[in-house]
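Shown below, as structure tokens, is a lone chain in the form predicted on its own; questions about how it binds or moves come after it.
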Amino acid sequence: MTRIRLLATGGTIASRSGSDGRTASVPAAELLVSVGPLPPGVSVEAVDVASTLSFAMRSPDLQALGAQVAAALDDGCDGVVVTHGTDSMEETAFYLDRCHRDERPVVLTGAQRPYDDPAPDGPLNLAAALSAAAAPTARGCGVLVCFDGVAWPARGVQKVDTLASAAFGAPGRGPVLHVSGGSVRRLAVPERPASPALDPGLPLPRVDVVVMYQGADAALLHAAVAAGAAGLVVAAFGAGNCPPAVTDAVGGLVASGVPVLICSRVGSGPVEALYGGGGGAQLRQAGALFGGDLSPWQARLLLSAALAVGGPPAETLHEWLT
């Protein structure tokens, strides 16, 4: 018998509509009933972890969920499924992947339409996620986001549509699994870091994201540090460029011990140190680090995790990004 643990955290998949909007109130056991018969030879243990909408999740919630996933695997489960809101699912998936080095699959899923919608998408997404978590073909894929019949790798996954059922993508990477009618087919092998797993018990230092726009100055960078940020991610123009005033400020922040990680506000493609005049070449000279093709939101968690484990952030980031 294949044992799967279902960890329910709330989200649209568990939401009903009311006069004050949608609220997450459907328990894990009821979500499980909604999927109908389980795949043959699969047993599922339903556990309520939280009942929230993912835009309200905080770092301690991530740590608690990471501990729950680890506990399920330590308890001998063959896979874990996490139901979660779509708004920040890409961040939770990335964090859990940093904590996960086991061959057994961890699969996140959710819904774009609530539980009480006339045509909810949650039951099909959950059924697909359970099939993926139980499938031998999913072993070794790390943490996945399963949505609308495909599973995406945690690293690089992004919410690409606010309301459509095909809510997720992984620009430049593509899906890992195709899931249909209980059949799970491997499409690709995701890259998984060889570095040690992050301990979910480590507190995550505050890292803020500052987005570039025409005319941006350094005020928000300094305000973030004054508010307690131990590191910054800059969502830069294009392949990693900033207005000259921001680049000058980055040099001063790095010199004062605040690491700055450069990503792109563009939805696809890597950052590189290419341009002068405040661009990527000068940012590198100023001591900024570069986040490859990670979104600013996943890069925020990566830098926070690097600060949590201690040591030079540049060395840790290089190890985790290669």
Ligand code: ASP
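The numbering used is simple: start at 1 and walk along the sequence shown. Just so we're clear, the structure is a prediction, and the values are computed from it rather than from any experiment.
Not on display, but discussed next: the form predicted together with the named molecule.
Exercise. With the partner removed from view, which of 91-99, 213-221, 171-179, 111-119 is the stretch that lies within 4.5 Å of the named molecule in the predicted bound form, judged by heavy atom distances?
Worked result: Every other range fails; the passing one is 111-119.
Exercise. Which listed residue (G85, G79, P190, G156) meets the criterion of a heavy atom within 4.5 Å of the named molecule in the predicted bound form?
Worked result: Flagged contact: G85.
Exercise. With the partner left out of view, is A70 within 4.5 angstroms of the named molecule in the predicted bound form by any non-hydrogen atom?
Worked result: Outside the cut-off, so no.
Exercise. Looking in the predicted bound form, any heavy atom of L53 within 4.5 Å of the named molecule?
Worked result: Heavy-atom contact with the named molecule at 4.5 Å: present for L53.
Exercise. With the cut-off set at 4.5 Å between non-hydrogen atoms, does T12 touch the named molecule in the predicted bound form?
Worked result: Residue-level check for T12: yes, a contact with the named molecule.
Exercise. What residues of 283-319, in sequence order, lie within 4.5 Å of the named molecule in the predicted bound form by heavy atom?
Worked result: Counting only heavy atoms within 4.5 Å of the named molecule in the predicted bound form, no residue of 283-319 makes contact.
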